[in-house]
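Just the one chain here, the form predicted on its own, laid out as structure tokens.
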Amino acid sequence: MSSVNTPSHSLTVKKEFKLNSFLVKWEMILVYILVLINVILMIAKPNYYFAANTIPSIIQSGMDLSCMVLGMIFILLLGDIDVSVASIMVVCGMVMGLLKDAGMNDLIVVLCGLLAGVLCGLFNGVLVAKIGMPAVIVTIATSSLFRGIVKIRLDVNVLKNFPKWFQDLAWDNILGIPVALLIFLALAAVFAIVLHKGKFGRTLYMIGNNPVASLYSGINVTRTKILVFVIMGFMAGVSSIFFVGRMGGGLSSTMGKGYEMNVIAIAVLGGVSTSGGKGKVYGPVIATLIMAFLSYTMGLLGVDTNTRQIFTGIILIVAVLIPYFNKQLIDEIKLKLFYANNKNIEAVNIRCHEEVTEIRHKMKALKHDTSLSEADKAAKRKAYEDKIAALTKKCAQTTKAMKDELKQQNMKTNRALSK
């Protein structure tokens, strides 16, 4: 019996690159926003903006929470949320400060600080995934728990003994590029590869879209969720290094309050859906820079801290609302604004648009048709243009007639109802 070797086919669908679609992607819109903020700062404070260390300083100001943003991407992709990240960051910083005071070497200090973050994340993950408690309730509770532990241990004291290189990581530059930014981009690249190229990333998307179906597909949802919360805790530990360094090597129990909202706002602004299953790494990376520049710009323009918090809240609300502005909603708005809320009028215009598009494609194909002379091409092009003009005119006339008819029907209806 002869065996037949059938060729394997790739199921990957490669989409053709379209510049128009690329330029209106959400990540590109974020780039435009970042450029706009830079232009505003450039106009408002030109002397300051073009000073030697301004741009690196602005970027460095946002790097202390950047690593937590990467962890929050995974959390949100699951459809969960973690509002304890700032408290975990402070716990990690406290552990490192206390161990440094005790005379431990830097490697032990850092490893124990990261381990503290992992244990806090593991605690959150077990409560959420194993016991089944809502993530928002769990992390609100553990946020108070972790912050309370720090307050009890430190009281009003400030830890000031940390490895000296913490400040170097937070403030040093290499060829004018902040070291913190380079580390952030390297970590972001790792997260992007894991999320967009690896099996683990596909698992996160599946769980975020449908956890029940994922469970019945053989995915260990519980283990995955616990692992993601552990990663979040680890990234909070990494952030504590940059946080302590940016604060000049000091840490108190009151520091880092509100950071969790900034982290969530950045991730959501970057296009990660709070309902799970949607988002990429690239958007939050750009959004991290946006928030750094925005916060710095508002500070230079004299905007007080409370107003900046209000602005962050507005950004979070707008970013959460963005997914609701989908194609269906846009189609409904177009139906009401342009087609008098009438499906027949809409159908006439859609059909006209399709016919015109088809003719335009034929006109483009003329350029590459070697069987026709230039005179024949010009004649055909003119015929196509006349046909487009006729179709457009007919569509406009039909639309006007249908709208007038609809208007008269409405007037008759209103008169009948008023009698």
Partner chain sequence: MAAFPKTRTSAQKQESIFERILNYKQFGLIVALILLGLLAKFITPAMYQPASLVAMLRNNSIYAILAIGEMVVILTGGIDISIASTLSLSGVISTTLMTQNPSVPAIVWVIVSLAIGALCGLFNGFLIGKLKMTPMIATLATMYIYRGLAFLISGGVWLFPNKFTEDFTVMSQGSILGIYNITWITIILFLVAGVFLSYTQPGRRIYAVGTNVESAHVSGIKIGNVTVMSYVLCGALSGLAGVLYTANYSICYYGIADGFEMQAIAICVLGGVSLIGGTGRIDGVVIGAVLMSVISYFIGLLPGLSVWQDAIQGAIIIVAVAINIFTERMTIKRILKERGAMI
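Positions refer to the first chain, counted from 1. Values in this document were obtained by computation on a predicted structure and should not be read as measured data.
What comes next is about the form predicted together with its partner chain, which is not displayed.
**Student:** 83, 133 and 149 - do all three of these have some heavy atom no more than 4.5 Å from its partner chain in the model of the complex?
**Tutor:** Yes, the whole candidate spot contacts its partner chain.
**Student:** Does the 4.5 Å heavy atom contact test between residue 333 and its partner chain in the model of the complex come out positive?
**Tutor:** No, residue 333 sits far enough from its partner chain in the model of the complex that none of its heavy atoms falls within 4.5 Å.
**Student:** Indicate whether residue 203 is a 4.5 Å heavy atom neighbour of its partner chain in the model of the complex.
**Tutor:** The answer is no: residue 203 has no heavy atom within 4.5 Å of its partner chain.
**Student:** Would you please decide whether residue 78 lies within 4.5 angstroms of its partner chain in the model of the complex, comparing each non-hydrogen atom pair?
**Tutor:** It does not: once its partner chain is placed as it appears in the model of the complex, residue 78 has no heavy atom within 4.5 Å of it.
**Student:** Does its partner chain get within 4.5 angstroms of any non-hydrogen atom of residue 213 in the model of the complex?
**Tutor:** So residue 213 does not count as contacting its partner chain.
**Student:** Which of these stretches, 183-191, 254-262, 89-97, 224-232, has heavy atoms within 4.5 Å of its partner chain in the model of the complex?
**Tutor:** Residues of 254-262 come within 4.5 Å of the partner.
**Student:** Just to be sure I understand the contacts: of 105, 157, 309, 344, which is the one whose heavy atoms reach within 4.5 angstroms of its partner chain in the model of the complex?
**Tutor:** The residue from 105, 157, 309, 344 that makes the contact is 309.
**Student:** If you check 115, 169, 316, 300 against its partner chain in the model of the complex, which one has a heavy atom within 4.5 Å?
**Tutor:** Checking each option against its partner chain in the model of the complex, the one that comes within 4.5 Å is 316.
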